[in-house]
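Read the single chain below, which is given as structure tokens and is the form predicted alone.
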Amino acid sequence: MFITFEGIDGSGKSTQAALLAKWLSEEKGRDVVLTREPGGWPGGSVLREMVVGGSLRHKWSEAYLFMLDRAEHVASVIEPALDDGKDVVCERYHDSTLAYQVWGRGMPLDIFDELARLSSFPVPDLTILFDILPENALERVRSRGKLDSFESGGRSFMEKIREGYLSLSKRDPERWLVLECGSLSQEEIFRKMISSLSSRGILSDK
């Protein structure tokens, strides 16, 4: 099973991804790989620093690095794990690139769709979107300290990203699970997520 976690910065997806991976392993006895993008593969930390550091100048550099990172991540981590029958829980994936580059940066959607097709990126079995109002997410982000190049885009940028995610969820509704999380605690969000997954039959024993 391949599950991806999406949401604007500050939505809590990192925490929930770790909680689900731990729950699947400890409570369901499944073999789970927890990973993330960008930088979730050996050597990927260099690319991660480049894309979040804010020093890139060409308008396509960011997008190219995300696609390169994903190609290596798929080849070295995701596909081998899936081929071995493991579950993969991934924080951010191709939908992040679409939301941030297309809706956020104004890049053409059709090019990214074609690149994903040509690259044979595996499609997630489920994508969980943690939906939160940008102003609430930014409060969380600012409390963490220094902002990265995406977080520093501010409320208007995050509103575009949120719009992108919601649009993507409507494009393929069977794959997406949208969870409103702005007014809930971490524990409440987790319980809501597990309940939603169970109701879909996703967490049935192998």
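All residue numbers are counted from 1 along the displayed sequence. Every value quoted in this text rests on a predicted model; they were computed, and no experiment measured them.
Although it is not shown, the form predicted together with a small molecule is what the next lines describe.
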{"item": "Touches the small molecule in the model of the complex: L184 (any heavy atom, 4.5 Å)", "value": "yes"}
{"item": "Contact of S25 with the small molecule in the model of the complex (heavy atom, 4.5 Å)", "value": "no"}
{"item": "R175 within 4.5 Å of the small molecule in the model of the complex, heavy atoms", "value": "no"}
{"item": "Non-hydrogen atom contact S14 with the small molecule in the model of the complex at 4.5 angstroms", "value": "yes"}
